[in-house]
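Encoded as structure tokens, the following chain is the form predicted on its own, with no partner shown.
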């Protein structure tokens, strides 16, 4: 039987080869046929999830909540020491130096990454901004969000903090961070679907030991991780409850 593995489309393009290397390693370690399928955007990913075509996924917190509650997925591991944070930024040339200075009608650039957009909109609330009184500028990726700011096609951008940090220094030097979230308990997680849960315990053991092996360390580095750490059901439920609270 073949299984399908995917990664949330908000991962850094710099790590795409790392995920293919990781998938090959995972196949060898589990002795299972696992196909890595990358999706261009969240619409494509969500269609595949809806049609029960995904068996393993490195999911963002928003999708993790849906996968656990609606599709019966279970958590396996997360990247050690990593959390999902959002950044609100403007062009360096902008006269705006604080979120509170933003006005209704402001052009806000963001991707279709749902959890980051949710955190970003919460961070814009001090300016009395919401989805009803901004001008949205949808971007296909975080580098495109930056491009919109630099070309004056948007006034403010919402970034996944990790993606912002991965931008080139040339780009970052032309941007100004207004605020960075510090939630710390929201994170991506590797989840297994119902058809692959027979491998859950073995995968947890394999992944949490990767950083003790020279080859494992190299693979982790290609993903931008230092190690995997176990995620239990209680931690995942807490994160899901928090996401629900943020969304209300």
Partner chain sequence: MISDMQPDDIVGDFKEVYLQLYNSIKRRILYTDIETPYPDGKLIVSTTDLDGTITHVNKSFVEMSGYTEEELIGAPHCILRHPDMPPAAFKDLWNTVQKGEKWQGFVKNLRKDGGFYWVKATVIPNIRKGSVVGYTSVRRKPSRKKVEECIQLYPTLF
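These figures come from a predicted structure and were not determined experimentally. Positions refer to the first chain, counted from 1.
The following text describes the form predicted together with its partner chain, which does not appear among the structures shown.
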* **Stretch from 210 to 218, 23 to 31, 176 to 184, 57 to 65 whose residues place a heavy atom within 4.5 Å of its partner chain in the model of the complex** => 176 to 184
* Considering 144, 122, 80, 138, which brings a non-hydrogen atom within 4.5 Å of its partner chain in the model of the complex? -> 122
* Check, residue by residue, if 17, 37 and 194 all come within 4.5 Å of its partner chain in the model of the complex, counting heavy atoms only. => no
* **Any non-hydrogen atom of residue 237 within 4.5 angstroms of its partner chain in the model of the complex** => yes
* Asked: Counting only non-hydrogen atoms and a 4.5 angstroms cut-off, does residue 100 reach its partner chain in the model of the complex?
  -> yes
* Asked: Do residue 126 and its partner chain come within 4.5 Å of each other in the model of the complex, heavy atoms counted?
  -> yes
* Asked: Using 4.5 Å between non-hydrogen atoms, is residue 69 touching its partner chain in the model of the complex?
  -> yes
